[in-house]
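One chain comes next, on its own, written out as structure tokens in the form predicted alone.
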């Protein structure tokens, strides 16, 4: 389980055995059942998440309707805004599947940064990469038609289409489930 984390980190930094041992001793690997709410609107949390196995999503409830904003799968991390700005959350985080997550709060992070200062640099680099990716994704979303958004998702993250309920995919793409169904039907007919 922890090997997924170590493989991911090895793209950026080679961990020593002491560093790996220190991470494992923190007892930060947690299992959650499908449907578990990790964070609710109006709550304050100091936890950040790294997906070892499974899928989690962020969503808002607008006029009684869920609006999915992102999915996080293996080797992806999520730092909720409320952890950073110390204000209550405007959105929800829930498990789409049974999931194994690395859950760390600021105190744990500071402990690791003090013992191993290069982790702080690593976290900065990862944050910068995530920010750049999110900006590119947002620009792509804003400039794409609904059909293009579906095709982009199909090409970039095809596993989501198998793992996530269609109504959540539709919400993520800014569509109704009926509109998504029509797009899928039109594309499957055009492919024949």
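None of the values given here were measured: they were computed from a predicted structure. Residue numbers count along the first chain shown, from 1.
The same protein also has a form predicted in complex with the DNA, omitted here; what follows describes it.
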Next item on the list: Using a 4.5 Å heavy atom cut-off, state whether residue 165 contacts the DNA in the model of the complex.
Entry: yes
Notebook entry, point to check: Going by a heavy atom distance of 4.5 Å, is residue 20 a contact of the DNA in the model of the complex?
Noted result: no
Check: Heavy atom to heavy atom, is residue 34 within 4.5 Å of the DNA in the model of the complex?
Finding: yes
Note to self: Can you work out whether residue 9 and the DNA are in contact in the model of the complex, taking contact to mean some heavy atom pair no more than 4.5 Å apart?
What the structure shows: no
Check: For the spot marked by 45, 48 and 78, is every residue within 4.5 Å of the DNA in the model of the complex through some heavy atom?
Finding: no
Notebook entry, point to check: Tell me which of 122 to 130, 143 to 151, 48 to 56, 22 to 30 has residues with heavy atoms within 4.5 angstroms of the DNA in the model of the complex?
Noted result: 143 to 151
Checklist line | the DNA in the model of the complex - contacting residues of 35 to 67, heavy atom within 4.5 Å | finding: none
